[in-house]
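The chain that follows stands alone, in the form predicted alone, written as structure tokens.
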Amino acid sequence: MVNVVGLGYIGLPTALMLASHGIRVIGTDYNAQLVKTLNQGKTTFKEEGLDELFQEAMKAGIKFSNQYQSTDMYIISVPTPYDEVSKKVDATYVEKAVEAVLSVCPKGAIIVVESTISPGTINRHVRPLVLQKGYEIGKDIHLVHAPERIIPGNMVYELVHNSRTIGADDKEIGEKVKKVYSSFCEGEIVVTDIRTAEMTKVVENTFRDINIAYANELAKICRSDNMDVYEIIRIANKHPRVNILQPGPGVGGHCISVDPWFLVGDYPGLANIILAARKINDSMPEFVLGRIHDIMQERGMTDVGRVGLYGLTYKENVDDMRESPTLQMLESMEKHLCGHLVKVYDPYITRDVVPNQYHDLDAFLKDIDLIVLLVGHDEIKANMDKLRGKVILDTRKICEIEGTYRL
């Protein structure tokens, strides 16, 4: 039996996938309401294919509890934020989960940390906890790191098809864990050591962050000299060894916007390109605000209350707002005492989270003159004709209406 600890965006799909492929699973989370919702047969967030997978797992006998279980394998999938000042990983949630597991686990148990962590986190934060409990690592307790590699909006597919990395002290233990993940994972599963597994996941997301930062810096350069960054990137990408991503309003989510800071915090003075990329991407919400200001001046618009921000999530077709560029923009606008004036709408966010939030597209459009497209949800792509007559700032290059402004 596997006890999956942490039933959020990563832990829940992983638990469901294991259960639906013949592994006995109990999911544990400290959030009593979350566990209650799951036991009532309802999922806790929107994700393509998740409800169907949930039903399969329920039929297979998956259980949910607030209590940690006594079993031979644990998969810990809890949040790993970073300290805003030091930029180092905050391993508090991982530490608490490991401590709870050690209080109930039998000798010989395998503890798999699936949460994304910075290189050396298991050595610095997890091994000491095991030793303090009097366990011998490699005999009484086996430690493994198996970082997730999935993205909201395509989780179910990527859980099955993406390759994975299993980092373990002992290759035989790594192969045991590989066998469990192989129950559903069709991608290549590489077994390596823990430090390599920790570093690999952070490096993957950091590479993407740097690529996005390059695109965003190009957007700023081209804007300063009245050039079309999208056309330049399109032509440059015809080179067989060039693949520049598209610029955007910022980088959100809990991976690309967070993981690079782990390297900056752990390797100060060495992670220079990484730090520069983070600063560029973090500056984009302010850059978009500057574009809004310039467009309003050009159009003779003075009423900020007639400006509408489309999209609250960090990416299209999900309900995940973590590190959302829109929320960063609103926070910045509040500093200028105007964040409470703009209108906001997102079809995936059904609860009120910000002032002047709408829950109907038509009502939202009726009350605005300038719309800022911050997220490329399918809904807005299917309703582009409704934007005709509006002033449009498209930060995602999804609108082809003549006269549309872009980054």
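Numbers for residues come from their place in the sequence shown, where the first is 1. Computed from a prediction, not measured in an experiment: that's the story for all the values here.
The next section is about a form of this same protein that is not shown, the form predicted together with a small molecule.
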Within 4.5 Å, heavy atoms only, one stretch in 261-269, 240-248, 77-85, 92-100 touches the small molecule in the predicted complex. Which? 240-248
Contact with the small molecule in the predicted complex, heavy atom within 4.5 Å, among 177, 150, 122, 275 goes to 150
Hey, in the predicted complex, does residue 145 get a heavy atom within 4.5 angstroms of the small molecule? no
Is residue 165 near the small molecule? Define near as a heavy atom within 4.5 Å, in the predicted complex. no
Is there a heavy atom of residue 220 no more than 4.5 Å from a heavy atom of the small molecule in the predicted complex? no
Answer for residue 133 alone: is it within 4.5 Å of the small molecule in the predicted complex, judged on heavy atom distances? no
In the predicted complex, does each residue in the set 201, 205 and 396 place a non-hydrogen atom within 4.5 angstroms of the small molecule? yes
